[in-house]
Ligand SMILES: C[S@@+](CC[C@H](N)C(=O)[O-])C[C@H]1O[C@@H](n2cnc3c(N)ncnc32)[C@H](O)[C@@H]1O
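One chain comes next, on its own, written out as structure tokens in the form predicted alone.
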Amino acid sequence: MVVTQGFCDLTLMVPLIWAELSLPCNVRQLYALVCETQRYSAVLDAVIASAGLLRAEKKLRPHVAKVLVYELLLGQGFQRGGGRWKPLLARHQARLKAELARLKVQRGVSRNEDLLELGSNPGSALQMPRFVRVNTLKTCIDDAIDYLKRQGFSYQGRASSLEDLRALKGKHFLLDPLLPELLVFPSHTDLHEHPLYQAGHLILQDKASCLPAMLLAPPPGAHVIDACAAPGNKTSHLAALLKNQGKIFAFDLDAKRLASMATLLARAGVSCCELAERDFLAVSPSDQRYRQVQYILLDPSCSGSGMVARQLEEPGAGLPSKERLQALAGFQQRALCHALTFPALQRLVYSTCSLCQEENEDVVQEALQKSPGAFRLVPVLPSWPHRGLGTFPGAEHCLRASPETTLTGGFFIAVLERVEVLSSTSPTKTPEQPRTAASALKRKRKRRQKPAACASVRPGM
């Protein structure tokens, strides 16, 4: 039997690990724990490095950190001790779980054991890049790029394809080919301690999560509802699109998540948002405060079946049960139908981080059937490679996302517009963006001046 030097080093530290973690006095169990930790050594090293654990906790020794992270993510969750390090590591629990989830997505596996088989051949694994949205409320894309270049990063310009994103390595980064404020870094880039992130100039947000606000595209001055708003990244994106002009009414029932969201929005410089600890279903469409709401972003609670990180954090990871799917879909259906009753609504984006048809196409189809002729699905991003399931006519206008097809987390997006708004405008208007009276007048003047002029590029065109 071949014993590696790393294994010898870790086993020689058993007495120290025993003392540091206040483990039970069972030598066989302790050696079993150390052996399992060593077996996953490469995986644990990658997770610890990506999460920046040793940089954040300078007194934590690497070998102790490795055993702790194994026990947290792959073992029994500190049922066998943890000592003084247990509360410390609990503070980093969410980030560590998220980084393990990212590693699974990058390597195209679902089980922890599968990481061992791919450990010696990372080149065969799926690589999902790190997406970073530049917060235009605090800076601009050019300034952010210049700052990163001065820190030693190498800017490669705008990407032209997904292959460009897959090929990223080292300290190279690109501008996303679709979103104008989205930077793309290699998968293991850690920016949690970066001063631009700490100051709210950069938002660590997956590309698929950026699409709902971009496709809603509210103009500055608009009134918007973010129906299920926490944790707040999409809300801050809406505020950036609004340039802090107008109003965002953000609702969420979870007081703790709402408090964290308030901190996030303050760091991002958001001043146009009104937070409310309230069930969106209890918000009256006839309330005069919402009489000017023309845009609604609805990203309701879902199974999270497209996001590995959420599966790790919830009991019964994997595909949800039929009963849970029915309960979630029922809530999503009620929320979408309720949103469509707001009298001034022109445009709505419905999104989930679920892969399940029951939470996606089925919800949208039923909502359209309950409001016959009032709203329609808008065809958006025709070049997007992953479309909705063909379960009903028009479902191909919806978007889906996945690590395999778009190098993002699993996601679903549908854009709905009020039919009256579309039918009252010129037949030459494309359906990607609602037309306001001001924009219609502006285009009318342009047609008089130059009949053959092309339409400007808008999100979703």
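Please read all numbers here as calculations on a predicted model, not as lab measurements. Each residue number is its position in the shown sequence, starting from 1.
In what follows, reference is made to the form predicted together with the named molecule, a form of this protein that is not presented.
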| Options 277 to 285, 372 to 380, 178 to 186, 163 to 171; stretch whose heavy atom lies within 4.5 Å of the named molecule in the predicted complex | 277 to 285
| query | With the named molecule left out of view, which of Asp114, Glu193, Asp146, Asp254 would have a heavy atom within 4.5 Å of it in the predicted complex? | reply | Asp254
| query | Between the options Ala227, Cys273, Val132, Leu336, which residue brings a heavy atom to within 4.5 Å of the named molecule in the predicted complex? | reply | Ala227
| said: Taking any heavy atom pair closer than or equal to 4.5 Å as contact, tell me whether Asn233 reaches the named molecule in the predicted complex. | reply: yes
| Ser301 near the named molecule in the predicted complex, any heavy atom under 4.5 Å? | yes
| Heavy atom of Phe331 within 4.5 Å of the named molecule in the predicted complex | yes
